[in-house]
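The chain below stands alone, shown as C-alpha cells; this is the form predicted on its own.
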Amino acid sequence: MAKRLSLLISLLLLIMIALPVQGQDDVETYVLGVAQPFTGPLGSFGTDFTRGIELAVMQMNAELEASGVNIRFEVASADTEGTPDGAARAVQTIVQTTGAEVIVGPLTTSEVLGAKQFADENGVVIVAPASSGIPGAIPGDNIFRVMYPPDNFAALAFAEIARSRGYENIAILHVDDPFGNGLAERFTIDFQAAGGGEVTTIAYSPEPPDLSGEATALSADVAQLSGSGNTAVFCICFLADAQKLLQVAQIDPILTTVEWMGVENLVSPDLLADAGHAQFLQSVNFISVSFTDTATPLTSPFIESFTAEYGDPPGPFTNYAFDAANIAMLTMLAAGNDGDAVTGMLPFVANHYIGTSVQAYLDDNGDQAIAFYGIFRVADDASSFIEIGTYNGSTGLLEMNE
C-alpha cells in the first residue's frame, strides 16, 4: 500500500487541536455528496471520478481515525445522466435524502449550471473538479471550480497556436452547450484580435445520433473559407461525438486536406483505437491543448494508491476529482458541516492546497486561476498522443518543442 498522503498537515493539526475530544462512540458523520454522470456518453469519466473521490474519503477517514478525531466522511452518490436536468435532480436528491451540504461534481459546465439554482437557493456548495466552460465563471455564487482552469485560457492558447501555424480562417464545429458555445465565442474574439480572418461556426445538439449532416456543412464552410486563405478546422466536441464526426470526415475530399485542432478531451487513446481515425488525425496534423500534469510530491502516491485499490491506473482528469474531494473535506473540517461556512472558508483552503498535479488558486469567480497547458499531437506510430509544447496562461507564452 502506498504511503499515506500528507495533505495540508499544518492546517489539519490546527483543526484537530480545536476539535472537541469525544468518546469512541460519539463519531460524527459528515456526508460528502457526489454528483457524477454514471450513464450516458460521459459515464466512464463519472465512474472513474467517483473512484477518485472515494479514495480520498478512505484516506481521509484513515487519517482522522489514526489521529483520534471522531469525525468520519461518507459518500452519497447520484447519477446526473450527463444532462443539466439530471444534474439538478441528482443534487436535489442527495441533499434531500442525506442532508449533505457539500457536493463534489457535477462533471460538465452544463451539468453544473443545471444544478446551480438549487445549490444557490439552498446554501449547497458545489465543488466541481473539471468544469471549465466560460459561462460558469460567475462571482459570488456557491460554485467552486477547483483545479481545472476556465476555457478563456484555452481559447487564448488555441488562438496563439492558430497564429503560429499561419491559419487565416477557421471553421468551427462545436457542441451546442455552455462549454461549446463559450469556447467558440471566446476563441473567435481572441483569434480575430490577433489578426485572424473569418470564422464560421456550426453547432450540433448534445448526444447526436450521428454528425453526417454537420460534417457536410463543415466541409462546405472549409471549401468557402479556403478561397481566401489558409483554413483549419477546430473541433470543440466531446469524445464520442468526435468519433462520429471522424467516421465521415476521414473520407471527405475537403476535410482531409486541411489541418485540425481539437479540445482537451480528444487527447484520448480511445480516439486512436480506430486505425482509420488515428491515420486521419496524423494526416491532418491534428493538435490539441490540454491542461498538463506537472509532478508534485503527491502525484506518484495518488497513482499508486488508486491502482492498488482499483486494479487500473486513474483515467484522464480523475486526479482532479481526488483533489476536489480533499479540498471539500479539509474545508468541512475547518468550517464544520455547514454550507454557508464552507462557502466562506473554501477559497482560503483551496489557495493553500498543493494537489496531485498543480497548486490550486482561485480567482474572484471561484475558478482555478493557474493555467499551464500541454500542446499535443499524435505520435509517429499513431498509438498515443505526445506533448510537443506548452502554453503558460499567466504569461501568454507558447513554446513548441518541434
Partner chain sequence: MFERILIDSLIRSMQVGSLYALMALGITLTMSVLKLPNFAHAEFVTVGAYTALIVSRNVSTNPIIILGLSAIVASVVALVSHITVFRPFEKQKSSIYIMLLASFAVGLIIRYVLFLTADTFDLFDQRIQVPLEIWYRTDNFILSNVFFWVVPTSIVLVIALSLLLNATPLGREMRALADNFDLARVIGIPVERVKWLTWLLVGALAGISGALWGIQTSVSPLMGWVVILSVFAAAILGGLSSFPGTILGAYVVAFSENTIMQVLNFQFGLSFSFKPAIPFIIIVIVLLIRPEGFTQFFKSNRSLKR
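In this text, rigid core is short for the largest set of C-alphas that superpose within 1.5 Å between two forms. Keep in mind it's a predicted model, so treat the numbers as computed, not measured. Numbering follows the first chain given and starts at 1.
We do not show the form predicted together with its partner chain, though everything after this point is about it.
Remark: all three candidate residues (217, 243 and 252) come within 4.5 Å of its partner chain in the predicted bound form, counting heavy atoms only. Interface residue remark: residue 44 is counted as part of the site for its partner chain in the predicted bound form, having a heavy atom within 4.5 Å. Looking at residue 257, you'd find every heavy atom of it more than 4.5 angstroms from its partner chain in the predicted bound form.
A residue is said to contact a partner when one of its heavy atoms sits within 4.5 Å of a partner heavy atom; residue 336 fails this definition for its partner chain in the predicted bound form, lying far away.
Its partner chain in the predicted bound form comes within 4.5 Å of a heavy atom belonging to residue 247. Note that among 321 to 329, 153 to 161, 198 to 206, 284 to 292, the stretch whose heavy atoms approach its partner chain to within 4.5 Å in the predicted bound form is 198 to 206.
274 is the sole member of 168, 190, 274, 304 with a non-hydrogen atom lying within 4.5 angstroms of its partner chain in the predicted bound form. Residue 176 is the sole member of 163 to 200 found to place a heavy atom within 4.5 Å of its partner chain in the predicted bound form. After superposition on the rigid core, the Cα of residue 302 moves by less than 2 Å between this form and the one not shown.
The Cα shift for residue 117 between this form and the one not shown, taken after rigid core superposition, is smaller than 2 angstroms.
Superposition of the core reveals a Cα shift of 2 Å or more for residue 223 between this form and the one not shown.
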